[in-house]
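Structure 1 and structure 2 below are two forms of the same protein chain, each written out on its own as structure tokens.
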Structure 1
Amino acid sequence: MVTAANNGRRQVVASVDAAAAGLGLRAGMPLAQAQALVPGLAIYPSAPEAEHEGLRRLAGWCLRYAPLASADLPDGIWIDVTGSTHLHGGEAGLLRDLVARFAAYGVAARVAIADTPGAAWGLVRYGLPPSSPTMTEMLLPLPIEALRLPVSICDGLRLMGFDRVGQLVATPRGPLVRRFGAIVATRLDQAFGAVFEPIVPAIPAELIQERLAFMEPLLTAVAFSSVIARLTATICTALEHSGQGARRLDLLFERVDGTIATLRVGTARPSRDARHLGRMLDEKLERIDPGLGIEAMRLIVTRADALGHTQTATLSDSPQAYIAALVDRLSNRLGAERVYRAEPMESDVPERSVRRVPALQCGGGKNWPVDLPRPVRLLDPPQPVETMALLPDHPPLAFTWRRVRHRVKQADGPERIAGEWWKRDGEMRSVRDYFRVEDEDGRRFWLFRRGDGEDPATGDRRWFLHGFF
């Protein structure tokens, strides 16, 4: 499938899908040639306006990852993830998540993360899998097209023998700029971070938001706090009118030099408690570098959920509200996945008997079976120990862990835990025999032997320390 557009008087291919690309079709080739190459080609008229609109909507959706995202027409999206990667499991985790979610929507995407927008642009289009630790080294071998230069300039540079970014970097700037214009130097500086390139955020107009501009640029945290108090008050009134509560707030600081700094906070439950929201934003203020001064601040509710009308006074005094506020603040400090409750799972394998659930999710009153002794600390992964033990069913007489020998005075076991073959093929026949032992000092350990001690197919009879009582 391809889309076609008019280029002057002839029709050319505007874009191709993966299948068409596999057949040798490329964007920019004459449509007649494409039809000759592939009989029965599905051709749709190109609709640039609609495509751009779609890209902008997609960029708006990307706000879930970071407060600054914008469409880079015609085919890219910028996301400034500074300071928000830890919420999605690091840079690699964020990229994985992004590609997976796009794939679920049927959008094939290529992603790259870099220190500057220019570098990310080049890496995503011409980059190889990350091979080198530094961004500079990854940029140097890229073709010159990776610098976002117009086609005419690229052709000119190639005529002069420039193929790679590295060659351009090594060449004196003066003649290059005289020959091709300042854009070559600008793009190089933008890619390597010598010149800052702001990302102008895409803010869907329907979001609840409030902006305050100042006569004089602000610089101090105290001033920012008082602005935050005013912004949150306005926002909360607006939220109340629409019967919603904020789940995620972005605060944009517009610096005098046109760049933007951002803060993002999230809540575990929808909230329109201005004091609570304001306090969470205040806490993160230290991360903001005001530069030469902030001339305007904009607070946007990028995610909101329905929240019924309640008497906020009584709500904020109840213990549940206090816990919700605490969970919000800890989640914003540590990352939401690091504040959790443990919930019992029906599994015999100890590692799988606990599941992390969001801290505010209602507990069902479930508990683990009380008659099975379980350690209070679990080693993950279990650590191998050297033991002396009689087969098949005897506990070890002594074991050595971290070069310290423990003589076993008392022991209980074995408690046989069979692998869950319905979860993993490798566990078809595997078995662990657990023993609770006490050494001569009275310390208690949880040891297990892989295998039942008789049939080698159930495990290799090695011993492991799995926890402490």
Structure 2
Amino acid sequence: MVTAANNGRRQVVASVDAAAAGLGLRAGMPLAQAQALVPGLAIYPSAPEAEHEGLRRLAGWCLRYAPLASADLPDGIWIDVTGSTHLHGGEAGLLRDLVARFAAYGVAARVAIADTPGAAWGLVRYGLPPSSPTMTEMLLPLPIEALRLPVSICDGLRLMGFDRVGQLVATPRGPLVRRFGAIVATRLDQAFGAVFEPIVPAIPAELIQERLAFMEPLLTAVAFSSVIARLTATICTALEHSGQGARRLDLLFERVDGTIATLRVGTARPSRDARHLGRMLDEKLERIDPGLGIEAMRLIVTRADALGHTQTATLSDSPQAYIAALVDRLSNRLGAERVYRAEPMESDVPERSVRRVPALQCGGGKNWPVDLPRPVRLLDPPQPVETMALLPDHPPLAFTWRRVRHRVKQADGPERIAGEWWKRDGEMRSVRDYFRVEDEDGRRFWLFRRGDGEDPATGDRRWFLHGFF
């Protein structure tokens, strides 16, 4: 299948699917030539306006990754991920997640990350050169088309012997500007970061949002906080009318020089408490550099969930709402990955009997056995120790951990834990014997020996420290 578009008086191929590309067809070739090469070709008229609108919607969906995302017509999307990569496992994790989600929606995509929009544009279309640790080294070997220059200028540059970006960088600007205009110098400066290139965010019209512009630029945190209070009050009113609660808010600060600074906060549960949302935004104001001044601020609800009306004035209010507010503030201050709850798992092996879950996630109804005390802190992985102990089932008389010797005053055990043979064959016969021990200073430890102390097949009889009571 191909799509066709008019190019002057003739029709050309606008796009091809994978099967057509495998048969040698490509975008830009005359449609008559494509029909001659592939009889029975399925041809549909190109709809550039619909494609561009779809790309804009896709750019709006990309707001899940960062507050600034914009369509780069006809086939690209900008995402300014500054300060957002840690929320997705770093730069590599963000790119993997982005490509995987696109693929799940049937969208094939190539991605690249760089210090400037111009550099990312060239790298994603012309490949990442090997052994290039810096952005300059990545850009220099790329063809001149990577600078987003018009085809006519690229043809003229090639006639003069310029094939690579590095050749243009090493050439005086004056002759190039006189011959081709200022665009060559501008694109070079944009790619290497000498000239700032703003990204105008794509904000879907259906999102709840509010914008306030100012007669005079604002510069102080006190002024920003006052505007935030007005924005959150308006946003929460709109959320109430729609029966929703905010899960993620983006606050955009539009500077007078055309640049945009952003703040993003999230909530563990849907919320339309203006005071709570405003407080979370206020706590992040120290990260904002107003530059020459802020001429407008825009608050956008980029993620919202259904939230019904609740009765709040009761004799016995549930503390859940207060806990949710606390979790939100801690998550936005420390990072969502640092605020969690430990949930029991179905396993006798200590390190497998717990997992991290979101702080407000409902428990699965499981709990640890009351008659088998477990330490409040487990070491991952268990730390090897040197011990003196009688075999097969006596506790150690003393043990050395991190060059410090501890004499055992009291001990309880052993508690034998067998391996989970249904998970790994190597655990078919393996066992651990655990002891709770207390040293002369009253500190209590959880030690285990690999093996039953008699059969070498059950373990190598080495001792480990696994936790502290």
Partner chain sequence: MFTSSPSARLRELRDQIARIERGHVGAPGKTVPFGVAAVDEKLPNGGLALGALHEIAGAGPDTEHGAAAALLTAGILARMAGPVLWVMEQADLFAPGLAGVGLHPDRVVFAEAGKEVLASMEEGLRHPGLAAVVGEIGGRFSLVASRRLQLAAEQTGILSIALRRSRIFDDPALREPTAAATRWMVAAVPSPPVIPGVQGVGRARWRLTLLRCRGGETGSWMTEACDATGCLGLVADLADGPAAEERRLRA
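For numbering, take structure 1's sequence and count from 1. Keep in mind the model is a prediction, meaning the values are calculated, not measured. Basically, rigid core = biggest C-alpha set you can superpose within 1.5 Å across the two forms.
- Between the two isolated copies of the chain, the form predicted in complex with the partner chain corresponds to structure 1.
- E49 is not among the residues whose C-alpha shifts by 2 Å or more between structures 1 and 2 once the rigid core is aligned; its shift stays under 2 Å.
- Shown in the overlay between structures 1 and 2, fitted on the rigid core, is a CA shift at R436 of 2 Å or greater.
- Put the two forms on the same core and the Cα of D80 is off by less than 2 Å between structures 1 and 2.
- In this core superposition, E337 moves its Cα by 3.0 Å between structures 1 and 2.
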